[in-house]
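Shown here is one chain on its own, the form predicted alone, set out as structure tokens.
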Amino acid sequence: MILTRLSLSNVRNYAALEFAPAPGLNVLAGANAQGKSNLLEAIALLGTGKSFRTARESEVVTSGMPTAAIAGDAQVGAGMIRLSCTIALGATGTRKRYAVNGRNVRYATYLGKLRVVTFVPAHLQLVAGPPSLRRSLINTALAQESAGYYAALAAYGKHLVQKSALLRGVVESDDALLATYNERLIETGTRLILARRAFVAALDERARAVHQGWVGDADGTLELLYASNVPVEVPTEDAVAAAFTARLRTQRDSESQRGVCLVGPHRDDLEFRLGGRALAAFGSQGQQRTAVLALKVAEYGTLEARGGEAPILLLDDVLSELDRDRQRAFLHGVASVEQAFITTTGDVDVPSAATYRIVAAQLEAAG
């Protein structure tokens, strides 16, 4: 996938922008608060339909303006595709509209047309932060890859809300209704568990190879482990569904007493281990950062291998805390990708890269 045109209107500090990115590595250089991260956010919005920086997407709209618009053209496996995402502010809240090749579509249809893998400084919390961050990474990747996964995830979330309301007493207690919700959670949750298990196994294989290529064996082997709330030895649909059913049965009283859904993939986690030990507990900040970067490169490679074409790689402030040797190794590793965008406040020495300077939301090719 290669983004060939990006058009912005009233997106954060960009009143208007027309940008024709190059294939390969695009370096966005400039001082802080000039618009580098805003530009990456816009590309991610064009791909995923959501901001990686805020859940309140009204913040994406330039202050005082009623709408923000992001549009672009991309070369994908099926040919050239035109995408647009519009955010409109109104009295009743924020509304978004999506279009593919000029035709308005629902979000489920839009998602996955232009896939992106993003690294932002907040992702450094992936190792030691809450499990929700790690689940979000997996969900974002798999939802872009598979419409079926996104549908199962949306349905699972709906059934989880319904069951939670029943457990909390928001609706009248009903054993038959509880059984129905559990059946639906088992059906959709089983799909999520199987997809996540296979995806994390692929991530693990690639991440450990990437990590070893960067730092060798000095720190030990990097491992990524899927910690399922519904563990099974044999990952088949029947085995997962049976284990899910049994665990719901054993936790029924606890769920009723606490008014909380305790069983299911909404409580899954992803574990980082380095040299056989938990990286969150024993790893240095440098080791954690390197592991997250290896994970992101592995995510890119996994989506490319499984989807048949490379996603776009977005790297925000990825170099700031890496020493010179690790910077060089990392840049060498991403210089050959189909298309990547990297922000920096310094200089990046990659002869094949297209470098742009950003000053006050004005973009120009450097030297």
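Since the model is a prediction, treat every value here as computed from it, not as a measurement. A residue's number is simply how far along the shown sequence it sits, counting from 1.
Beyond what is shown, the protein has a form predicted in complex with a small molecule; the following relates to that form.
- Figure note: of the listed segments 294-302, 58-66, 42-50, 334-342, the one touching the small molecule in the model of the complex, with heavy atoms no more than 4.5 Å away, is 58-66.
- Though the partner is left out of this view, Glu309 does not reach within 4.5 Å of the small molecule in the model of the complex, counting heavy atoms only.
- Proximity of Asn13 to the small molecule in the model of the complex: non-hydrogen atoms within 4.5 Å are present.
- Among heavy atoms of Ser37, some come within 4.5 Å of the small molecule in the model of the complex.
- Contact annotation: Thr54 falls outside 4.5 Å of the small molecule in the model of the complex, judged by heavy atom distances.
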